[in-house]
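Take a look at this single chain, the form predicted on its own, given in structure tokens.
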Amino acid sequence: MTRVGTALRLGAREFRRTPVLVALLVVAPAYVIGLFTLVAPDGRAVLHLVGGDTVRTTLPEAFPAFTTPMTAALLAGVAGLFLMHSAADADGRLVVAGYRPRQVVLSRLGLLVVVSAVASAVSVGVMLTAFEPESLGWFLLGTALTALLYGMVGVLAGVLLDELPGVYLILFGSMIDLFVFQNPLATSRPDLATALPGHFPLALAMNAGFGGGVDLGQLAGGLAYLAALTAASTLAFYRQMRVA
């Protein structure tokens, strides 16, 4: 097994030893998505998809659909934040033991990808009890991309901020972005919405969910945003490792 693989396995073991994070991955999707589905009033809803399409559906289907990427993003963001804080001592010991900083960085980012995939799969699994998207594969991809973007925001917050302000940033940042600025129930979106991390992946997920047609430009925009955030978080993490 390579050094990166060994560090990834050790990181996963450290993650399992944090019961709060493991419980969040299971309980939070059921609580958040289930609660929004439960409180959704009966009635019609008009969704305004990115690209100009308008779709008529019901509120009990709309609520679980757009809260699923939000839940996965919240979980991945919190996981990214705590991975940086909880693993700081272990990362330092790995460097002292002979690991190169880039090997430690790769292992942490690999663990974040695994956590984001689990958060997305669990969230979509819960959503399927109330809503079935038109294209499940594309919807899952949009959700996973949203989770990865906020996972990288969590990594950046974990490097630059203490835990409490970092949690506030992830919690309120994801809610404001995904639930307010990108909400498909709104008839119009602020100009700032297109510059936020959730714009492209949520548009991809909503179009896949409600048959608006998949726009590869939205996928490309989300991947480009992810590449930029990954580069920024990797650089910040790498500099932290070098300084340590």
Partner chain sequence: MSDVGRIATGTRSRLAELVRQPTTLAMLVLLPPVVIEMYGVAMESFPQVLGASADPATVGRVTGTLFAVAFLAGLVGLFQVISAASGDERLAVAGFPRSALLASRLVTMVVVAAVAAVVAFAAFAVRVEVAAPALAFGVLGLAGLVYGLLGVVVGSLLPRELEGSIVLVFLADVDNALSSGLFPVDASASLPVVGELSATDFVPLYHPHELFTAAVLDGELADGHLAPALGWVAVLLAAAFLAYVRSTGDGAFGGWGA
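Positions refer to the first chain, counted from 1. Every value quoted in this text rests on a predicted model; they were computed, and no experiment measured them. Here, rigid core means the biggest group of C-alpha atoms that superpose within 1.5 Å across both forms.
Just so it is clear, the following notes concern the form predicted together with the partner chain, a form of the same protein that is not shown.
Residues placing heavy atoms within 4.5 Å of the partner chain in the predicted complex fall in a single listed stretch, namely 182 to 190, out of 201 to 209, 182 to 190, 214 to 222, 49 to 57. Contact check for V167: a non-hydrogen atom falls within 4.5 Å of the partner chain in the predicted complex. Although the partner is absent here, A65 sits far enough away that none of its heavy atoms falls within 4.5 Å of the partner chain in the predicted complex.
The partner chain is not drawn, but in the predicted complex it has no heavy atom within 4.5 Å of E134. The partner chain in the predicted complex comes within 4.5 Å of no heavy atom belonging to A195. The three residues L35, T71 and L160 all sit with a heavy atom within 4.5 Å of the partner chain in the predicted complex. Interface residues of 28 to 44, taken as those with a heavy atom within 4.5 Å of the partner chain in the predicted complex (partner not displayed): A28, Y31, V32, L35, F36, V39, P41, R44, in sequence order.
With the core held fixed, L21 shows a CA shift of 2 Å or greater between this form and the one not shown.
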